[in-house]
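Starting off, we have a lone chain in the form predicted on its own, written out as structure tokens.
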């Protein structure tokens, strides 16, 4: 990172106001029923920088739930590819470290050897400003996953902020992030005491977690215990197959293609929609359903996040945000399921 700077809370608001003139700024705001959401803002007034989490992560603005890909006009024999980028260059403000890690996980999926053009263009046209967390969320365990409470990435983001007693420490993560910082009013060079305060705050935030998960050797253990009875027990007793967990998970990337044809069969529009592995029909193929039992679908979600993703992408697919358990109607907790397997990995499968 480049040299860090400090900025007062008032000047931070002025900075956001100026950024809103250049970008489509998206930030955390208070919504109905006490929930915070990422939404477009025209100025700094609606920002809720002390938010804990949101139901949907900011990935929504880079990887939309519904995205039109192309349009075919059979009458004129024309094919039109959709513009995948936002109408205006966007800046996502105050992303929590875990959600920034989630975007970096999606990068490995969509920007790998088979680059996704639609994702790549939106990602390039999105600036990211991260806000380090000063405390743990109730269901969060990002410290266990190495994704928080402070940002540990060294690339893939533009700016990281840390709140320090009425001021904010700004550090650039990219050249364009450095350019952003230089536009902020009232910048001051950061002294050693401020950097020491940042380190102390990070330790304090890390100590505030009440939920944890031991990840050492976990992928290998889950692979060896594929038939552990905990999957069937939890699936039979509690899992509704509602797909809430995967729809709020900020690293899920599965999608399905949807073709819509007009009444006269002249115009065809193709789009992609988020899909869910917990949906009964997700694994339906020409010869049957290879994940018909609910326990198989629940196991797919858990092992993909905590096991097979590591082999495929070199990182966990879980960032420890806790959304899957927060928004599960029956409170299924994947950390408790993992701990049950860690406690009794050789417990025999009960047949019946």
Partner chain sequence: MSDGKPRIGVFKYSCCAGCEFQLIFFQKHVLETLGKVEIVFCRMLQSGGVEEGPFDVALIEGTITEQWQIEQLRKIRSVTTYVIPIGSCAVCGGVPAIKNNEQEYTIQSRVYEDTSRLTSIRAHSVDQYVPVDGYIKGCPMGERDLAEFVTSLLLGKRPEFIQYPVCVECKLQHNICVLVAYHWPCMGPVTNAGCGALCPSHDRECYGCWGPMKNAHARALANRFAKMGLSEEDICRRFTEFGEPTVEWKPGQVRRWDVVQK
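Residue numbers count along the first chain shown, from 1. Everything quoted here is computed from the prediction, not taken from an experiment.
The following text describes the form predicted in complex with the partner chain, which does not appear among the structures shown.
Checking 328, 20, 13, 334 for any heavy atom within 4.5 Å of the partner chain in the model of the complex turns up a single hit: 328. Of the residues 161, 221, 235, 201, just one reaches the partner chain in the model of the complex with a heavy atom at 4.5 Å or closer; this is 235. In the model of the complex, the partner chain lies farther than 4.5 Å from every heavy atom of residue 196. Of the heavy atoms in residue 55, some are within 4.5 Å of the partner chain in the model of the complex.
The partner chain in the model of the complex comes within 4.5 Å of a heavy atom belonging to residue 31. In the model of the complex, residue 262 approaches the partner chain with a heavy atom inside 4.5 Å.
This chain is displayed without the partner chain, yet in the model of the complex the stretch 247 to 255 from 247 to 255, 210 to 218, 173 to 181, 141 to 149 comes within 4.5 Å of it by heavy atoms.
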